[in-house]
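In the form predicted alone, a lone chain appears below as structure tokens.
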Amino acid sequence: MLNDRKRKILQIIIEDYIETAEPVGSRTIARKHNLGLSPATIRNEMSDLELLGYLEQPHTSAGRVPSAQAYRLYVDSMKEEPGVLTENDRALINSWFKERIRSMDDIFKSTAKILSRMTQNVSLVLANKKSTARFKYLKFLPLSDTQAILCIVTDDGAMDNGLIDIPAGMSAGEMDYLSGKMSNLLEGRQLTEITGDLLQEVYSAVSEDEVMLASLKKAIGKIAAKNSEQKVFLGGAKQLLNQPEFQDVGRVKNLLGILEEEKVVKDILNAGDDSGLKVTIGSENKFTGIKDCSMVQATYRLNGQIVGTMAVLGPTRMEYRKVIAVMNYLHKYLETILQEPK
């Protein structure tokens, strides 16, 4: 158990190291911070903290750096005093989204970019699209006497298309009539709810052509499958190069290699639970390639369903208070705008 003095010294070391990336010595603490303690007293306390596993000494320095155990204590203590964004930071986030949102994909892309920009680390956003995409209407665009392009528009403004077979000689007016009737019957349903049986029931109410029905089932099935896939958005991979911890080319290449593998990124983000904001530090991460990094992760929901996951990945010397404040604000902001009709 740490007494108040040790806790204060440890907090100073952590925050100084986060700011400067330089090992912190007792003389620096005595000079910069008005603790009323001599460098010798601070040095003794630092020795105790090192024995307890909270500090480590780089080979080439007389100063100390925090251990993963120290960062864990530091992060856990923030539950009592969470960071708060400035009014300017909140205004930046609000204006960023208002200028860029045109569809659900825009929300996810904007989240990845602003999250990276404000935390100066890599951002990862996993969009669980099947929870949000709902059928709005469909149109048929004549291509030839026996084929047409099927266009499906969802409530998030996205459009998908596929090629279908139509009865020979079907007129544009007949296509418009069929698309209007089907749109009215299917509007508001999630794409994954539009099964072959439902499509047959809807289609049969307005047409009897089996060839076109089979072609519609196949095309809509493909579009629904595409829209149910999770999609990854990344931001700020180049931010790694600005971090002293990633000046080693081999280390950067390894981490960038992981970020380029979409399946690996999905696995990393899906590995977390959905119990709110979570911070994993160093070896707490389950994936080998990020065991010397820290990750702050949170899920967000729409009508009780998980819509996606966002995360910040960076060195263990992460500005946790700022990152957590940004994540908390974005978490609440996204759940608000996702409730609003687009």
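The first residue of the shown sequence is 1; numbering continues from there. If you superpose the two forms and keep the largest set of C-alpha atoms that fall within 1.5 Å, you have the rigid core. Source: prediction; values computed, not measured.
The same protein also has a form predicted in complex with another copy of the chain, omitted here; what follows describes it.
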{"query": "Contact test in the predicted bound form: Val153 vs another copy of the chain, heavy atoms, 4.5 Å", "finding": "yes"}
{"query": "Exercise: Lys109 in contact with another copy of the chain in the predicted bound form, heavy atom 4.5 Å", "finding": "yes"}
{"query": "Asn161, heavy atom within 4.5 angstroms of another copy of the chain in the predicted bound form", "finding": "yes"}
{"query": "Non-hydrogen atom contact Glu260 with another copy of the chain in the predicted bound form at 4.5 angstroms", "finding": "yes"}
{"query": "Contact segment among 203 to 211, 239 to 247, 185 to 193, 85 to 93, judged by heavy atoms lying within 4.5 Å of another copy of the chain in the predicted bound form", "finding": "239 to 247"}
{"query": "Single option in Val264, Leu199, Met78, Ile149 placed near another copy of the chain in the predicted bound form, where near means a heavy atom within 4.5 Å", "finding": "Ile149"}
{"query": "Flag for Ile166, CA shift 2 Å or larger between the shown form and the other one after aligning core", "finding": "yes"}
{"query": "Ser183: Cα shift of 2 Å or greater between the shown form and the other one (core-aligned)", "finding": "yes"}
{"query": "Flag for Lys266, CA shift 2 Å or larger between the shown form and the other one after aligning core", "finding": "no"}
